[in-house]
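Okay, here we've got a single chain as structure tokens, the form predicted on its own, with questions on binding and movement later.
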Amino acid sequence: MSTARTAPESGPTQSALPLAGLRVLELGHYIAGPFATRLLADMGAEVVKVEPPEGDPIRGWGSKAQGHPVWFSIHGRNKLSVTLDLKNPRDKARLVKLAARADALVENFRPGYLERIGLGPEVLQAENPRLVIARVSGYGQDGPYRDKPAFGAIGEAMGGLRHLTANPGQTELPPPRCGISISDDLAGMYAAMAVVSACWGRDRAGQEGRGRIIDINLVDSVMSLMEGMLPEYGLTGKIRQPAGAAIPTAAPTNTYPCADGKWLCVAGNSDLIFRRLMGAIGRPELAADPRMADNAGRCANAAELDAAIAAWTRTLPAKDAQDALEAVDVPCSRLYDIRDIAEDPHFRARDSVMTVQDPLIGPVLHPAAPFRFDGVAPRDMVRWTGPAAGAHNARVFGEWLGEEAEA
């Protein structure tokens, strides 16, 4: 079992990670900004999460154990937490001093908020010209929608994703969200990537290097995933429509019902895999059909293929159907819920799912960091779990600012 601490010291594991020595301030709340800094922290950056005295509002979300939010165990992991009241002149001065000693700052307030309270980039970079500032917002720092409020659902809606999540022909129910705050997470990933890029560019320039201001927003982050849809529309006027579980450009690739009420995702769209798939379901004549000889022909006849595959999957529990297809090397998977993920032997063997000891809530499951570096075990990258708000006030104000510990 991995252990975690609320007040860790730097050690050999952190020094072995690629961002060791990078100091990052997080002025984030809810999801997008804190997700960006969690990725940076997982990679070894020293992240100081600045929270209001009452803590990040997300501490009130979701389940709790022993009075502490379970989600925050992951959301705040590998971060140091300090509390500052940014409406208080003394605390604002403290933040400026912290920024003077940081490499980067990540914030996801509404555009203009930091300027209104006297903590805009011009103030922070006057004290530290090398400071990289990543600003995450709903619509961006400029443009006619700059000041409109937005949450993750708006990013999905305006970025084009919700249009695609509908089932074809279904009009009585709204297109569903994907089940997680995907636009916040995407913006967070892009922000983390941009911070590392800006710091690298600054440091490559040596002492003359200067910090940059990064503008990331939820809507553009989702829209960036729209593959070839924008050039297709610009050249042909084509608007991609919802396809449900299928992929319009590859067949057979779909999700099929099984005898136990579960679903099996099958990707059988290469010529060789298609032939093996048809043999496994007892339909070799379809593999020999000239209409199905290539992907274009299979796409034109996808409904017939899907019906044949579904007729077979309906006769078997999902696990048995998966085993039968994997035996002939056909890519497939049951649709996992979180219990399936937690219990899967592959995830466990790789420590993609691990049990860590959280001092606030006890043993808890964590996902591993989504990246791996040779010489560092996945368990060692979870150096500590999300701390209580303000748990590191004395440490950070002492080490960064030289302040004496207060009662």
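Residue numbers here begin at 1 and follow the sequence given. Not measured: the values here are computed from a predicted model.
Below: the form predicted together with a further copy of the same chain, not depicted.
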| item | value |
| --- | --- |
| One stretch from 280-288, 261-269, 296-304, 90-98 that, in the predicted bound form, holds residues within 4.5 Å of a further copy of the same chain by heavy atom | 261-269 |
| Gly160, heavy atom within 4.5 angstroms of a further copy of the same chain in the predicted bound form | yes |
| Non-hydrogen atom contact Asn128 with a further copy of the same chain in the predicted bound form at 4.5 angstroms | no |
| Contact flag, Arg146 vs a further copy of the same chain in the predicted bound form, heavy atom cut 4.5 Å | yes |
| Exercise: Arg275 in contact with a further copy of the same chain in the predicted bound form, heavy atom 4.5 Å | no |
| Heavy atom within 4.5 Å of a further copy of the same chain in the predicted bound form - the one residue of Leu86, Val123, Ala310, Ala194 that qualifies | Ala194 |
| Neighbours of a further copy of the same chain in the predicted bound form among 235-267 [non-hydrogen atom within 4.5 angstroms] | Leu235, Lys238, Ile239, Arg240, Gly244, Ala245, Ala246, Ile247, Asn254, Thr255, Trp263, Cys265, Ala267 |
